[in-house]
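Below you'll find only one chain, the form predicted on its own, shown as structure tokens.
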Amino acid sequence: MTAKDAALRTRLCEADQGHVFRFYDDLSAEQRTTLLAQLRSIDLALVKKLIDRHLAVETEPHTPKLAPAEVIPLAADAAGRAEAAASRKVGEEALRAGRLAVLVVAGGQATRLGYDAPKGCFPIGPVSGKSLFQVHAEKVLALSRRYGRAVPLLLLVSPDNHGPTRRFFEQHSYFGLPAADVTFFEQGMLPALDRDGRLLLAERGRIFLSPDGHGGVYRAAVRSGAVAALRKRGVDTLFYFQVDNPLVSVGDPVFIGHHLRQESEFSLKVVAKRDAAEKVGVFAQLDGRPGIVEYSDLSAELREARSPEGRLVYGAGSIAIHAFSLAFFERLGQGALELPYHFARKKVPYIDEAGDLVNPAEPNGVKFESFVFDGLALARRTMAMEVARDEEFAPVKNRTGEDSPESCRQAWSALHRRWLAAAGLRLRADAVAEVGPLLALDAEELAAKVAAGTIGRAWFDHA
């Protein structure tokens, strides 16, 4: 053990974590290297803070005072359409100036879909079978072409899927994007702790680590150098979304325009909940600050509450599509603003004192994570904009039923049938439709190309 590693061991012993070296002498050289690398990556000061806040003292969870939050409604009248047009102009000017980058949260595996690969590799196109990654990358490429400025693409990956994700992009030539405009950076990991605040060993030479939650994106982007690189390019706005939603309107200029006109630091899109029972987080005021309240934290009375117009009072469902000012994102990533950590008691397999693997029957450990939307309460200004669910939100989360590949493809095909109908290209009611991003990013672009004769019925006959 080098002097540096010995000093690390001393720090861990002083932090009452010296037990992680219990089997060190029996490990192979490779196992020792892995263990030491893991231990160096652990922020002991943060671990102590988590112990002090969540384990040392049992406290009752705080129940915030709730109130509805202001949301820009769908542009249903002349005034709303005028505001949307004004915001579109501002958003398009920002895109032409190269001020926007796109960030995709892509750290998950497609295990729940029965697919052994990163979720972004999952084939989802209703006609083409394109992967989620290809759909999103082509939208970024189409956005770059439309506005004449490169739009950098950032992907938050996990340590487990980083290699496969990067290889997938390389094998597909980055889907037409310049490789220099695509950045991969890794999500952080946090150790699980036992009830006494001690690190758990997953193996004799490996600490049990789990992802630190999507709130870790701030810190990971700054630590990787991705934010500094964007700043050098003149980017000042980030468009954020999760990889499992292929309907997302990437770089939506109306949304970006509203965000910039209101000088918002953290903006989000919401959809009207399907009904009071839909289990989604809701945008609201929590103790006078904007935030997301989980479905389980709403009483039955609040879930069912309705306005005089019949709308759910707490019906602004969050769909994990955000815009950030880069300066705010950077402040969070550097630690100038601090996100709260949430904890959950879980059954965590561990190595006991005898070196045997134990699979507990009851929760024995605590896992921690942070949530990206907790940044709302820390922003100086925020903005929320309602969008139509059937136009922008069809996530792929479950193998069957709601939010499945089948439900996603049905929503996607229905949307693009409406685009085609608006352009005068009608299909059978049961036809499966898919308009590629490189052909058109929206119904207006498709209709304009049909009207100009750029594409026509013969093109669709062969598509």
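For the two forms, the rigid core is made up of the largest set of C-alpha atoms that agree within 1.5 Å on superposition. Numbers for residues come from their place in the sequence shown, where the first is 1. Being a predicted model, the structure only gives us computed values, none of them experimental.
Separately, the form predicted together with uridine 5'-triphosphate exists; it is not shown, and the next lines address it.
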property: Heavy atom contact within 4.5 Å of uridine 5'-triphosphate in the predicted complex, the stretch among 284-292, 79-87, 109-117, 169-177; result: 109-117
property: Partner contact for P164 in the predicted complex: uridine 5'-triphosphate, 4.5 angstroms, heavy atom; result: no
property: Touches uridine 5'-triphosphate in the predicted complex: D194 (any heavy atom, 4.5 Å); result: no
property: Residue contact check: D212 to uridine 5'-triphosphate in the predicted complex, 4.5 Å heavy atom; result: yes
property: 4.5 Å heavy atom contact, L156 to uridine 5'-triphosphate in the predicted complex; result: yes
property: Partner-contacting position among S144, S318, Q187, S131 - heavy atom within 4.5 Å of uridine 5'-triphosphate in the predicted complex; result: Q187
property: Selected contact from V227, V348, V105, M385, since only one has a non-hydrogen atom within 4.5 angstroms of uridine 5'-triphosphate in the predicted complex; result: V105
property: Partner contacts in the predicted complex for 393-421 (non-hydrogen atom within 4.5 angstroms of uridine 5'-triphosphate); result: K397
property: Displaced residue check between the shown form and the other one: R167, CA, 2 Å or over, core reference; result: no
property: Did K346 shift 2 Å or more between the shown form and the other one, C-alpha, core superposed; result: yes
property: Displaced residue check between the shown form and the other one: K130, CA, 2 Å or over, core reference; result: no
